[in-house]
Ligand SMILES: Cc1cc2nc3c(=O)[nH]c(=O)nc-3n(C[C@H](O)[C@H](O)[C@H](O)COP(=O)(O)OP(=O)(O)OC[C@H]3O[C@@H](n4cnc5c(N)ncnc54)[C@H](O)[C@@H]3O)c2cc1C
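Just the one chain here, the form predicted on its own, laid out as structure tokens.
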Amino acid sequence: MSGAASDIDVIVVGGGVVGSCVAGFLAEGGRSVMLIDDGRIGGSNANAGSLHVQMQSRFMQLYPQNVPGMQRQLPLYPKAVRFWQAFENKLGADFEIRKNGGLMVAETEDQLAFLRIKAARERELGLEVEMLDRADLDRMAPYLGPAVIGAEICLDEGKLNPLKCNAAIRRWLIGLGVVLREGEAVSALSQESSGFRVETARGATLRAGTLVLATAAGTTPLATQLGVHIPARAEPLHMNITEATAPMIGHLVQHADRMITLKQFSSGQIVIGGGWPADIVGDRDHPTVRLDSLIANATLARHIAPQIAPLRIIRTWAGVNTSVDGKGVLGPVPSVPGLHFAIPGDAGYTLGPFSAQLVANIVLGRDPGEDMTDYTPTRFA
């Protein structure tokens, strides 16, 4: 398709899990929808499959200024995990969702003290969390090495298979008649009397009355063209996956003070992540792995779970996390009628479909069901 598309009600820019779900929910609501995605590796198509709920120590250390925002949004996380479960049923798909709980492990008394303080605050905010000693872990998670002396468990945490999720969501969009323009970057945005003009790098000029930007770390330059400031930052991260082995790790495993996540898919493969840095290189800003991150990530994983030491790493890749101020950027901009943003907070894949439903409800004129004041895009004005 090329040229003008004046019969489209809504253009959604950004084809990750959030933009795709916004497009799908709007199509279900009777809107004609076009979804534009530039096809670059980003967050959703490189996600490692963690369903995060508890506050991640890594983000708290790197962005202490964002902790108040993280705490404000924290009650949405368990709702988002439940939404994933309902979404899986709705699509009749198998996302391989397993909600066996998440362990944040500690190796020192200082780390345990940090977890106790964190857990107390999380309980105040409605999370189901408990502290575990080594005896508890021996019964529950015998794969953890002797260096681990205790942990916090969040019962709402879990994991899924993002490859299966993304494929099922794409089939859903096609079935709903969403127009997909894939591998096509948006080069210019402007406001017109009847809505918005969207120009693409392939020379297409598209128009719609409503525009939703679900562009994650790429939001800032696009929003600026419409006179809106959104300080979204790209954070490239490194991930690894091992060959398959017997079932071993049933939880989502994190650390109180170090960068690590561990989880095992139903295929038997173990995903090793946790936020080790990657690079963004080239004309297309491609997230690219780093050898030092690979070595450090794998070494720490062996330290935490020594039984995985004999396994071979069969693939390593990088993706992009988007950080703003610890909270999502969700909803309309009153000064630019018809413009909406759909950027979840940290751990955006976890929050993705739920955040998309909130934004879609607003676009459709429905009650989102949550107080959206904290997430307004205008807070950066």
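All residue numbers refer to positions in the sequence shown, first residue = 1. Predicted model only: the values in this text are computed from it and were never measured.
Another form exists, predicted together with the named molecule; not displayed. Remarks below refer to it.
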(message) If contact means a heavy atom within 4.5 Å, which one of 24-32, 60-68, 38-46, 308-316 is the stretch that engages the named molecule in the predicted complex?
(response) 38-46
(request) Report the residue, out of 129, 186, 76, 151, that has at least one non-hydrogen atom within 4.5 angstroms of the named molecule in the predicted complex. (result) 186
(request) Could you tell me which one of 103, 80, 106, 216 places a heavy atom within 4.5 Å of the named molecule in the predicted complex? (result) 216
(request) Considering only heavy atoms, tell me if residue 348 and the named molecule come within 4.5 Å of each other in the predicted complex. (result) yes
(message) in the predicted complex, does residue 327 come within 4.5 Å of the named molecule, counting heavy atoms only?
(response) no
(request) Evaluate residue 339 for contact with the named molecule in the predicted complex, applying a 4.5 angstroms cut-off between non-hydrogen atoms, and reply yes or no. (result) no
(request) Please run the contact check for residue 54 against the named molecule in the predicted complex: heavy atoms, 4.5 angstroms, yes or no? (result) no
(message) Taking a heavy atom within 4.5 Å as contact, would all three of 14, 18 and 320 count as contacting the named molecule in the predicted complex?
(response) yes
